[in-house]
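Okay, here we've got a single chain as structure tokens, the form predicted on its own, with questions on binding and movement later.
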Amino acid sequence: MGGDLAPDEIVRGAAEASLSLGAEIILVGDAAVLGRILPQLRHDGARVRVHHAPARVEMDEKPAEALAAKPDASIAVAADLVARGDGDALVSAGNTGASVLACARRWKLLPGVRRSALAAVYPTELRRGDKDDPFSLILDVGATIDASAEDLVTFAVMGSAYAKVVSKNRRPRVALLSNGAEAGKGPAAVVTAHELLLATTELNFIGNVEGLDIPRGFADVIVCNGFVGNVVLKMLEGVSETVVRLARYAHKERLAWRLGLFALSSAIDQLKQITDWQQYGGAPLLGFEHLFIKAHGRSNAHAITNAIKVANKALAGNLCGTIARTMAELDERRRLAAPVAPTP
């Protein structure tokens, strides 16, 4: 029921996904409303069912207040279903804060994880993985505003695991976002995280990267706190949309510009495809025992279908189990590296 185009486009995307995935899809929301939409769409009736939730959190509501006033809101009910084992993953295009809060209140963090991270993909010049993927991952982008050095290391572990499982990138390059490439640059948390990543992990850690390196794609996973990540994500989204709008403006203004744009049309089409967030579905919330994929608030049916496919792919690759295993290995290396207290 969440999202600017909900519920019609959400149901349409789920119906489409039911035809191509061997998974059950549970639509959580007003049963009367969903029951009118679903029969009009081509779908696999054996793989789609409706679970009633009478209320919804609106996109502009304050998360904590909305969930307190509406304990039977669709996002809360959906998180409960997953917590009870009636579902394996959650996908929503609704209120981001309410979604993250609903998961945090009902799901347990993985052992060794102190704070969750919301990750997002962004377009890059370089490509990576088995599928020549033009996207990299950045986390956190809003779940943990002020992250400690230990949190940043955990984010690096989780981001690397996601890139391996979902993007099929066998050895993703992991970097910290800072104001300089030197190891000593950045806030104290970043400097300490740099030291810990080198000393206690076996990640393919390449050091620090600066803001200008983000779209170049030097790193496959970029790690930062939620405040910085959210600002970066909004900036990248704004730049890509502005480039497309400027191209349309130029097309209208002068014949010479139209001829030039015609010559560049294939490149512009490629730019639109690369920067189209509908192609990659959504952003994963990492760190919990269950998986949540946050689709863009403006998601149409195509984007929802892709978000569901991403969730299914992550489940098939046992993403949460991979993160838990890597965190256990990290804790063991830290334990072995800890100095032994002298015998009195």
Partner chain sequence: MSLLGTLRHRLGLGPPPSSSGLLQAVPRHVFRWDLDKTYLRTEFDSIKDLAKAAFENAADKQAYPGAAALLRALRSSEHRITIVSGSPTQMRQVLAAKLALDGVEFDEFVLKNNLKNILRGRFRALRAQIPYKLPALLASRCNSPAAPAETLFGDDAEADAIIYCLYADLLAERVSATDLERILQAARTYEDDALRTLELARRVPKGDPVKRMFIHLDRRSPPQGFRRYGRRLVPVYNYFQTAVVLYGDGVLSARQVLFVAFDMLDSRQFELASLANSLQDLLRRGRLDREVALRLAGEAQAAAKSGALTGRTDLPPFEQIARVFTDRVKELGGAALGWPAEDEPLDYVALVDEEHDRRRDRRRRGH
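Remember, predicted model here, so these are calculated numbers, not experimental data. Numbering follows the first chain given and starts at 1.
There is another form of the same protein, the form predicted together with the partner chain; it is not shown, and what comes next is about it.
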Inset, instruction - Identify, from the list Leu41, Ala66, Ala301, Leu315, the residue with a heavy atom within 4.5 Å of the partner chain in the predicted complex. - result: Leu41
Inset, instruction - Quick one: from His290, Lys309, His51, Lys70, grab the residue that has a heavy atom within 4.5 Å of the partner chain in the predicted complex. - result: His51
Inset, instruction - For the three residues Lys185, Ala199 and Val209, verify that every one has a non-hydrogen atom within 4.5 Å of the partner chain in the predicted complex; reply yes or no. - result: no
Legend entry - Per-stretch contact check against the partner chain in the predicted complex, the hit in 56-64, 315-323, 27-35, 290-298 (non-hydrogen atom, 4.5 angstroms): 27-35
Legend entry - Close approach of Ala328 to the partner chain in the predicted complex, 4.5 Å, heavy atom: no
